[in-house]
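Starting off, we have a lone chain in the form predicted alone, written out as C-alpha cells.
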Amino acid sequence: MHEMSLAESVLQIIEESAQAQNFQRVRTVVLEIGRLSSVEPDAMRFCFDSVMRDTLADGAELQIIETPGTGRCLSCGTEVEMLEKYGLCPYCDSPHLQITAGNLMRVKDLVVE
C-alpha cells in the first residue's frame, strides 16, 4: 500500500511548512488526488489518520478533491477525458494517448493555528 508512504510525505510537507511559517497545529489538510494518480482515496484516508497520530496534525480533517484525468491523442490531437491510464481515443481509436492532467497528488491547502 503506497498510500502509507504518501501520507508520510504529506506529514513531512506539513512539518516543513510548520517550521517555515511558525504554526503549531493543523486543523485541515486539503489534498488534490488525480484520477490517474494510482492513489486510492479511501486508503489514503486510512493511512492519513494513522500517520498523523501524535503529530501536529493529529485529529486534522482530511479533505480530498478528486481531479479528472485528461489526455491528448497523439494521432488526432484531440483533448479527451481519461478514466484510466491506458485506453483508446474515443474519436479515432488510437491507443496513443498522452496524459496531460490528473496523474498527480498534491497538498493544496492547510488550515492551521
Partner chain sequence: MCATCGCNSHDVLIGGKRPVRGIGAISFRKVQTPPDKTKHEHPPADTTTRVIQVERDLLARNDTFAEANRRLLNERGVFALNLVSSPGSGKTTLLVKSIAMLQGKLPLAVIEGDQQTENDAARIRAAGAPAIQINTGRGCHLDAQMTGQAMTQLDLADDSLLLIENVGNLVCPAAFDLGEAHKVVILSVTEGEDKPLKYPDMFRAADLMLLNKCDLLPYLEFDAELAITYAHRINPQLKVMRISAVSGEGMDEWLNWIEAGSRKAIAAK
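Everything numeric here is computed off the predicted structure, so don't read it as measured data. Residue numbers count along the first chain shown, from 1.
One more form of this protein exists, namely the form predicted together with its partner chain; it is left out here, but the text below deals with it.
A residue is said to contact a partner when one of its heavy atoms sits within 4.5 Å of a partner heavy atom; residue 63 fails this definition for its partner chain in the predicted complex, lying far away.
Its partner chain is not shown here, but in the predicted complex it comes within 4.5 Å of a heavy atom of residue 47.
Proximity of residue 92 to its partner chain in the predicted complex falls outside the 4.5 Å heavy atom cutoff.
A residue is said to contact a partner when one of its heavy atoms sits within 4.5 Å of a partner heavy atom; residue 101 fails this definition for its partner chain in the predicted complex, lying far away. Taking its partner chain as positioned in the predicted complex, the residues of 15-37 that bring a heavy atom within 4.5 Å of it are, in sequence order, 15, 16, 17, 21, 22, 23, 25, 27.
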